[in-house]
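As a starting point, one isolated chain is supplied in structure tokens, in the form predicted on its own.
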């Protein structure tokens, strides 16, 4: 799985199945359920840490029609302002969607310009940056359950909170409809450039990483706590706390998932010992104890 993760770590997947249409996905889910085979979906791989033992069962990758995006309609006024709806497949990449919305003169997603994930992963994790998050923009989602049945849910039913959404268990996000507001294209482009410049100045975007490793504790910054604990630049093997941003772990070449997990535990214990704060991973850790011995 290292080739499917921006962190470049992870053991073998037992089986990988690319799926290009909703009909294909429905048939696959029905077959997996009938044969009692486990599964997981992996998107852009920008927020996952797969164990060295890899992933059991079937790992599903969405492509084809799951990468399409379109302006559905002007939605009239919402919350006192004009809105427009954009429908995007779960496999659409956030930077591509930001570019599309910019071309349509639609504002609201500028904060996501440098986030290298997919729409599906962004909604599941309620991705955000610079004080904004995707949750409030979600008008509705289409989901598929593990029997292959399509479901529709309104955005407010997902109960978005910090870095999480309450999706029904064992469902796959198929597509989302986002509510955006009309804006000036030049202003939108300028805002995107400003966010990109901030990322380049403060984050190790040129090195293999998975973005912010820990959630920010209430009223605090995980990066600040890690830095105050003297852990900037600390390494376990080739897994290192970035010297540029302490809440980023980078792979300096040949780090294993075990190196990353050991680094995570060391940072957690050190910060807890110094400040009494238990850092919670933002990254999705996959594959631990999944494989049969």
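As the structure is a computational prediction, the values presented were derived from the model and not from experiment. Numbering follows the first chain given and starts at 1.
From this point on, the text means the form predicted in complex with a small molecule, which you will not see here.
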Answer among 189 to 197, 218 to 226, 112 to 120, 99 to 107 for heavy atoms within 4.5 Å of the small molecule in the predicted bound form: the stretch 112 to 120
Contact test in the predicted bound form: residue 179 vs the small molecule, heavy atoms, 4.5 Å = no
Taking 4.5 angstroms as the cut-off for heavy atoms, does residue 165 touch the small molecule in the predicted bound form?
-> no
Contact label in the predicted bound form: residue 129 to the small molecule, heavy atom within 4.5 Å = yes
Interface membership of residue 277, the small molecule in the predicted bound form, 4.5 Å heavy atom rule = no
Answer with one of 48, 255, 241, 55: the residue that has a non-hydrogen atom within 4.5 Å of the small molecule in the predicted bound form.
-> 48
